[in-house]
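Just one chain follows, in the form predicted alone, and it is written as structure tokens.
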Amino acid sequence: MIGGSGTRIWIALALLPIAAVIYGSGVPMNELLTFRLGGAAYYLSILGALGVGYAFVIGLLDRKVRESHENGMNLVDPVTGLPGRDLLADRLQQLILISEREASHVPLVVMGIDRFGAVNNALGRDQGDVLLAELATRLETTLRESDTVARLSGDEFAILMPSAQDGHGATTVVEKVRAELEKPFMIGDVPVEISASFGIALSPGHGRDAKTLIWHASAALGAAKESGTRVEFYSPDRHELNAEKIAMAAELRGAIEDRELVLFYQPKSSMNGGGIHAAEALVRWVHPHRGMIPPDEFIPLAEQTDLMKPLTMYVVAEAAKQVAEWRNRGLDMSVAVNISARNLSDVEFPNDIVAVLERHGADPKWIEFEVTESTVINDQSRAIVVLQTLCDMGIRIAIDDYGAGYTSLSYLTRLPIHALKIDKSFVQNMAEQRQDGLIVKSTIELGRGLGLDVVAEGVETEVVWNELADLGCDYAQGYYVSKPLPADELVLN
């Protein structure tokens, strides 16, 4: 009898390899059922009909979904219900393989809402999410059933159109979407008007794999926003991501997943005799073949691609674990982490940070985020929204490399910041160069006048330390205090 318990056990054992293959494939359960991925769904339906090990398989696959989220994989966007970046990449890769056999093209459109930070700030976070969900619904109803709409991050969406075939077909779809976006969205009783910019890339000319095509469409979107044209095709002249960088980006993604990145910590010393109570986390890549790769080689690459968010989340997670350990040992420490313009353009970033800190038992008050002037100035309205949200959570905000960028005193009064870090180019030469000394002095006075802590970077000699102390600087960081070290080599007091 097929329903007997012994038979069920044998069938369950026989079908375990199928479960293992599905588990290892990275395909979530809802994809197997909703998108009907061939034989996998068929076998699962058999398991359900027979009542054989079904709960076990479901549990196994659901565990895979949870793990994918914990590892930063973006399969289904929780706000809109749309496919996320990783699921889009999987579908795109399949279409590229098919198009190569048929000698056809695959157009990919990446769409970004113009000035969404200001819109989100005006509506409030919850209503901003409602707008995103409404936008997703409108996109899906505007496009064909065979098209895929995905949310990449923040205000960026992707449209994959198997039937478009060429650039003309892609622009036709873009114009159709633009026409739909001209109609106001009703958020509660409030009509909200938005506009969008679009970047278009086509395989095989603009990329023969999914990641490259997504990167290049995103680069075209950036060009469209910068130029004000609203729609741009990818052009190699506008993007320097060559084959070597693409290969290195793939290695970097693997390094994040395989935990080849390590954090070093550079202490910040109180100049009022209070010892060391803070440190800046600096990421290093320990490559299995090339050894230690400096951050100036791979961080700009992450900025150019979709790797900035997983890289930042990795660093924040490691720093959170470390500061929680220090605190558990009775050490009154906090940790600073550098964040980028891409992080500040992502309205989901604060929520992601909350989840990471809670997972590792770290209080937001133990964390400081450092941002450069140019990072903030790129899109002040959106940056202010994200920074204010982080500040409201209890996270401290510091302006890094102050004085080296496009200095504007006006934005200092509008940003929710707690500290200024004077750029090391002024600090290192302040004892010999009178102008540098005057800049350091005026910055310290400015910071104290605004009620901010002032940190001097690049302190390498006792002479500079003493001058900074005389000027009333709060903290010092540099080789005179300590070079960056692994956590277990730091001498803390």
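Numbering starts at 1 and runs along the sequence shown. What you see is a predicted model; the values in this text were computed from it and never measured.
Not pictured, yet referred to below: the form predicted together with a small molecule.
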(request) Could you spot which one of D77, D90, E156, D401 gets a heavy atom to within 4.5 Å of the small molecule in the predicted bound form? (result) D401
(request) Counting non-hydrogen atoms within 4.5 angstroms of the small molecule in the predicted bound form, say which of Q266, T212, Q322, T171 makes the cut. (result) Q266
(message) Taking the small molecule as it sits in the predicted bound form, is S334 in contact with it (heavy atom to heavy atom, 4.5 Å or less)?
(response) no
(message) Using a 4.5 angstroms cut-off on non-hydrogen atoms, would E460 count as touching the small molecule in the predicted bound form?
(response) yes
(request) Examine A196 and determine whether its closest non-hydrogen atom to the small molecule in the predicted bound form is within 4.5 angstroms. (result) no
(request) Consider L282 of the chain shown here, and say whether it contacts the small molecule in the predicted bound form, taking contact as heavy atoms within 4.5 Å. (result) yes
(message) Only one of these stretches, 93-101, 311-319, 389-397, 214-222, has heavy atoms within 4.5 Å of the small molecule in the predicted bound form; which one is it?
(response) 311-319
(request) Would you confirm whether the three residues P107, R144 and P162 all fall within 4.5 Å of the small molecule in the predicted bound form, going by non-hydrogen atoms? (result) no
